[in-house]
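Only one chain is included here, represented as structure tokens and corresponding to the form predicted on its own.
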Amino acid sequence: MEYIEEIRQFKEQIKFSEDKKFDVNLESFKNIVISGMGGSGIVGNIVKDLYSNKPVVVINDYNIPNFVDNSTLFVAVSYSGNTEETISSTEQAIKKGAKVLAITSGGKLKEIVKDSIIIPSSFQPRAALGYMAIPILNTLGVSDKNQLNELYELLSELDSNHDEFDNIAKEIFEGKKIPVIYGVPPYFSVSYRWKTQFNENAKVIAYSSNFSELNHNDTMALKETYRKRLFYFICLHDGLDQRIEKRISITQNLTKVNFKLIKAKGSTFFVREFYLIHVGDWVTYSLALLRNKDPENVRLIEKLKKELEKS
């Protein structure tokens, strides 16, 4: 499947996953730990954005926190099922008596975790986000069919008409600029997802941060005169938090930097989160084409993994 079709297939993943969930009693657990790396690892960050009834800790590492025990719901997410950091953390969680779940297309993870949801293979991990994220969100009660249906419709519209966002890629390309993506609460994971999609799809360096934290550090650097020449600033927002909206406006006025404002669509936070994520998929794919780069190509990452296996 060509990568453009993988992007368009995101909405179908929403439909496919609408009834997928784990059979667990959430009341039995004090905390939730989600382990994953790269395109799989972003799932944990999204869950942390959307779910706040219990503490959620995201692991992008080999090791697990000391507090993990039989009161922990541990979710391992690895598209391939062979990500060494995720396998390591999962094995530790099993030894410590945590309730361990997994989402994977196969590999070793499928073998060591009995309670697994097996998802379709042959995708790039970052393009299988719907398969990996929705079952966890269903399990936690964050998503429901009404929201999933609304999201499906919005993504269908976006897939049919994304010219506005292709123009962003064109401006970045023609200006030879480095993308800087700013998010707002509660979309902290989305700005980072955009950053990683620029890295993997378009093969460009990109940076991300979030309001209001950036007003305590980035703001000083924004005032420097070289900023416009080097960077292209994107701000993802929903227009709902008036205090944050005021911060965005004041930051632009004080630093003389104009952000490309991209406003979320959708009636709920869940829908708006995934809408903004999909906008980023299109922008970064478009930039890849303009740069004559294959958005699927992650051979350098795969080569690194093989070198690690040898050692």
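Start at 1 and count along the sequence shown; that's the residue number. Predicted model only: the values in this text are computed from it and were never measured.
Omitted here: the form predicted together with another copy of the chain. The next part is about that form.
- Within 4.5 Å of another copy of the chain in the predicted bound form, a heavy atom is found for not a single one of Leu26, Ser105 and Gly266.
- Among the residues Asn149, Ser121, Thr219, Asn167, the one placing a heavy atom within 4.5 Å of another copy of the chain in the predicted bound form is Thr219.
- Contact with another copy of the chain in the predicted bound form, judged by any heavy atom within 4.5 Å, is made by just one of His237, His162, Lys99, Lys195: Lys195.
- Stretch 80-88 is the answer when you ask which of 80-88, 150-158, 107-115, 129-137 has residues with heavy atoms within 4.5 Å of another copy of the chain in the predicted bound form.
- When contacts are judged by a 4.5 Å heavy atom cut-off, Gly38 counts as touching another copy of the chain in the predicted bound form.
- For the chain shown alone, Val298 is a contact residue for another copy of the chain in the predicted bound form, at least one non-hydrogen atom being within 4.5 angstroms.
- Although the partner is absent from this view, Asn258 stays clear of another copy of the chain in the predicted bound form, with no non-hydrogen atom inside 4.5 angstroms.
- In the predicted bound form, Val204 approaches another copy of the chain with a heavy atom inside 4.5 Å.
- Counting a residue when any of its non-hydrogen atoms is within 4.5 Å of another copy of the chain in the predicted bound form, the hits in 273-306 run Leu287, Arg291, Lys293, Asn297, Val298, Arg299, Leu300, Ile301, Lys303, Leu304, Lys305.
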